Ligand code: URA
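First, one chain by itself: the form predicted alone, in structure tokens.
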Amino acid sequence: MNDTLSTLNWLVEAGADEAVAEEPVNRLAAKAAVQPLQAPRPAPARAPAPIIEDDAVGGAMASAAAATNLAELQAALEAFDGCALKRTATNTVFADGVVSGRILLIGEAPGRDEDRVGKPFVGKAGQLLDKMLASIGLDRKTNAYITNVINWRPPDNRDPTPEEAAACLPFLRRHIELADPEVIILLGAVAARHVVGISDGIMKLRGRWLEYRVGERMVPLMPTLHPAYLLRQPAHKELAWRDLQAVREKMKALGLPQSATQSN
């Protein structure tokens, strides 16, 4: 205690009149290097705003609407780049058959053979389809016309995404208008879902007459089983045959011509 008081008295006599810090400072220690003032770090750069692609659906609608006939529609489709499937496909698959027969068949999407040839239903499923059509007096060379919802093959034959289908649908709708059919046949659940907007399974939809508006009139529409499905499930060919018989009766009622090669 006496030492502390003696030290304070010595400081006062030496002229110290105020405390400058709460902690004693060792004046003999080496001084730390003075750090230079640093400029404030710039804020991290923001990621560039995503590039908004052109409105593929809007472009498809405008391009399809401008077509006044099937040849113009095909040219517009082949020039269209708004569907990602086109980048991996070999060919644009537009249609096959005779539009004047007024019977329109709509499938799902091209497969490997269709992508290679550039026409719908040319593989094993197409061969079965031709036999199915012949059974009711239809033939793509004389009185049947065939297209797909999707015009480019999805990789590995997967189902098309909603975006891919949306880019193709304006062309399909215009295709139906220009083909002006008397009867529409939908092949498979994917075609039914995108054409008539019903998500029910094909087993529930098949065999039931629906309607599709073309211009100012309603066109009878029959969903049925896809030929590729029938190749996997041949026992269900009987169901498809019933649907085709209903189509044949509708053709007779409408006075549509049937091929002379019809199977009885």
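One rule holds for the numbers: they count along the sequence shown, beginning at 1. Remember, it's a predicted structure, so these values are computed and weren't measured experimentally.
The protein also exists as the form predicted in complex with ligand URA; that form is not presented, and the subsequent description refers to it.
For residue 206, no non-hydrogen atom is located within 4.5 Å of ligand URA in the predicted complex, even though that partner is not displayed. At a distance threshold of 4.5 angstroms between non-hydrogen atoms, residue 148 is in contact with ligand URA in the predicted complex. Taking the partner from elsewhere, residue 138 is found to have every heavy atom lying beyond 4.5 Å of ligand URA in the predicted complex.
The closest non-hydrogen atom of residue 160 lies beyond 4.5 Å of ligand URA in the predicted complex. For the marked spot (109, 114 and 226), a heavy atom within 4.5 Å of ligand URA in the predicted complex is present in each of the three residues. Only one of 67 to 75, 161 to 169, 118 to 126, 83 to 91 places residue heavy atoms within 4.5 angstroms of ligand URA in the predicted complex, namely 118 to 126.
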